[in-house]
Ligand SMILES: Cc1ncc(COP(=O)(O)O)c(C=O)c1O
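Below, in structure tokens: the form predicted alone, a single chain.
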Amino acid sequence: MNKLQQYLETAYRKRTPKSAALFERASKVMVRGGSHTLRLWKPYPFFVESARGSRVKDIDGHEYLDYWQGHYANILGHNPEIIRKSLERYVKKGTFHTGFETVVQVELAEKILKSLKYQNYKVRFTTSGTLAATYAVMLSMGFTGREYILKVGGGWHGASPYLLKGVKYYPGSGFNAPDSAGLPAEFYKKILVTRFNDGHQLEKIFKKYGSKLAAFILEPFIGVGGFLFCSPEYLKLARNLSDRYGVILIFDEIISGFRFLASGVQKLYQVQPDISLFGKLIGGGQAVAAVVGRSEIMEGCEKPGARELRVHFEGGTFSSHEEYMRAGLAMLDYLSERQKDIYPYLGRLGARLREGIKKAFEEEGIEVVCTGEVNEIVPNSSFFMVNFPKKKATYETPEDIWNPEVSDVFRREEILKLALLINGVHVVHGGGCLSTAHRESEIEKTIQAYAETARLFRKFQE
């Protein structure tokens, strides 16, 4: 442990004694003290007492400006009034989970399809991005009769067993290694990985494996891989190659869906996939994900009287739970009605934050690269990720973001996080996303927290 890390951990422990005690208690009954690895940062996470708007409050009484916002699901901030009011009316009826079909799921499905303006597409709901990605791959395999899947290195599609390869960067093998124990070795041989935005490599893989590929799945805006947008040429090439070889093109828009406009970011690119995955925002803070696909593919879920096996896409006990559907519908209604104001506002704040963070570090002689910038297709971005270059790089691929020889990953993931926490700001992967609850004054406060961090970094370098 270096001196800076020791200083930060000491300050953090002094600040959060109640969280430390609760984490010790949790560690006796839960794996590593919790249920989601990303939330369990070192030396321990703070525990939340309340959350509202742009802020969360821990059990020790400290407030943090939060840029994690429910795994990027809370575009209106924590506990937004519009969602609370829609659910209060529902709860007063005395109806909770029934296990029956309700009208509101139809309305939410219609809303999603209307936003995309596609013909002959259908929706099926489930409760997580992991399940949505899993079912999308199963549908693709069932429809094509093929078993190979192509994905992008650095792409995260939840813990779907069909896609747990090429998520984490491993020195020596890059994004081309299995990411989980507990799966047959043969399984990984049918998961192929290609480089983000590399059209030449994509053409080579399709030429070699195209007749075996069931699906190509990618994020038009890659999340964990570095907050990077696909180039329009790459998405169009993906569409053309998929058509040529009879491959199902899947866009994972769990993060990007309804985040840059009141629809999928695919609408800005004008590239239409065969299957789209939506989650996070479409649930209004509840457990909702959706698989949206061409009708002939989606009908693989239900084949009454057919001899061939159907794809067993049942969605789960809580799929299309009425409370979840109502929250999602309230969210999408709000975004579509106010999109001319919401997205430019978030874009302005995002640009100001990225610019301010970069300047704060530059003034201390520390080079940083803020990803999350817009491209020629997407006019506004509310995402930011702070990277510390070790050598010159374009920062256009997940390899630049996660290769420890290119970027100081440890400084971004662990040191920066603690330094910001003791200054009242919570981030993940060096940054996060904005919500409409964030105000310009809070952006300035956040920039000051990064400036304090930069001064601390310089002090311990001397």
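From a predicted model like this one, the values you see are computed outputs, not experimental measurements. Residue indices: 1-based, along the sequence shown.
Below: the form predicted in complex with the ligand, not depicted.
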item	value
Among 83-91, 239-247, 154-162, 97-105, the region lying within 4.5 Å of the ligand in the predicted complex by heavy atom distance	154-162
Contacting member of 272, 130, 144, 79, with respect to the ligand in the predicted complex [4.5 Å, heavy atom]	130
Listed residue that, although the ligand is not shown, lies within 4.5 Å of it in the predicted complex (heavy atoms), from 255, 136, 75, 230	255
Interface membership of residue 280, the ligand in the predicted complex, 4.5 Å heavy atom rule	yes
Residues of stretch 199-223 in contact with the ligand in the predicted complex (4.5 Å, non-hydrogen atom)	219
